[in-house]
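There is one chain below, alone, in structure tokens, taken in the form predicted alone.
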Amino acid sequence: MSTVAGHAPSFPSRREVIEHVRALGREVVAVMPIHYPRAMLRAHRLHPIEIWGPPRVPRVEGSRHFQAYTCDIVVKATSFVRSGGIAGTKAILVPHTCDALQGMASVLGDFLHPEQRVLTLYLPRGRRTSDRDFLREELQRLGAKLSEVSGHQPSRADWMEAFEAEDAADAALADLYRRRERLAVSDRHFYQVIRAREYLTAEQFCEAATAVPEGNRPRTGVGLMISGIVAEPLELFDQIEALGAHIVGDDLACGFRRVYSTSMRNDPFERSASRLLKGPPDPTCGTPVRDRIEALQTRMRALGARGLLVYDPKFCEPELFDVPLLRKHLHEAGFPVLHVEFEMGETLPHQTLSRIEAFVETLS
């Protein structure tokens, strides 16, 4: 595993990671976005491989089971499941990130009946004491299901090993963001490393994060903050650079929103709940838009962002609810906002690139 300045980082493939974790005595669980208890899966001898609506998967099969206004992540992930893309996994875990994903869990569990066990995780929409208590009980329920899937009841030693490994990987992710300006890699390569967290083991991710080289890499043009669920395809970052801009930071669900704070609570379920509730502001977690706006303003000023690019899959309701107020208040604070909706595919439409180019020109 290596990352060389100017060259794409090299990681094990998903197939190689699956073979590796099975050699360690663990089984694989397919996991939908966004927030879930990694250490809990590891303690139960399970390993997550995340599914973010693979861009190359056709919508056809998934479209048969959802309304036309359902987002690509859900539709394409369902197509992926139906086509055998997660064959050999023990279960599919669907967090209640949004109504569309909750609907996906119902469609899979109640109607399509894949060979994998369909597991759900209902996340609270606040960060009060009552929310933490609810999430702890929900994680206890999920833990019982995971024991049934894996046939393993974690010992205290299992829990401690799992938290140690996953906390180290969380710290490595946070450190990548802290070191971003000193890293000698392009935006595309940086996000390839960030998103490798979606399937590498904790140890592999720590190795990948440590291997990212530091050095002087000129970053010219307009600095942008990018927000949204997932930035697909990765070609987007190359195109933004070609248009005279670069990414100084993100508010992506697949990125910075999963920079969690460490919890040291003794009870493993309380510790897992506390971790998930200590992430950055996130509309899928019910963060008040006022708090999100304040956090974005603070980070954009600190990072030197000139504007915000909100880049979302079509029909993403949690994101869409916030856009009008984000646009209004950030513009008043001196940060113009461009909102772009996209359909997940292998290439970027010219219309999307034209809108981003015009936005960059207005900021120049």
Partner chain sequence: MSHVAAIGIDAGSTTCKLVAVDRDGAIIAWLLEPTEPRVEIQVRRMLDALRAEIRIETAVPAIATGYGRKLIKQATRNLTEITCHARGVFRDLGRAGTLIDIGGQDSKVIQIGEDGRPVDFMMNDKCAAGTGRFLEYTAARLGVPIEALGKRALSVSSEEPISSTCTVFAESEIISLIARGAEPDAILRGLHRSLVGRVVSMARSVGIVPPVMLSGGVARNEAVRTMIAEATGEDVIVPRQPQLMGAYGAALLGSAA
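As the structure is a prediction and not an experimental result, all values here were calculated from the model. Numbering follows the first chain given and starts at 1.
Absent from the display: the form predicted in complex with the partner chain. The rest refers to it.
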For the spot marked by 341, 351 and 359, is every residue within 4.5 Å of the partner chain in the predicted bound form through some heavy atom? yes
Quick one: is residue 49 in contact with the partner chain in the predicted bound form, heavy atoms, 4.5 Å cut-off? no
Residue 22: heavy atom within 4.5 Å of the partner chain in the predicted bound form? no
Could you confirm whether residue 331 comes within 4.5 Å of the partner chain in the predicted bound form, counting heavy atoms only? yes
Give a yes/no on whether residue 355 approaches the partner chain to within 4.5 Å in the predicted bound form, heavy atoms considered. yes
Testing 41-49, 333-341, 26-34, 291-299 against the partner chain in the predicted bound form with a 4.5 Å heavy atom criterion leaves exactly one stretch, namely 333-341
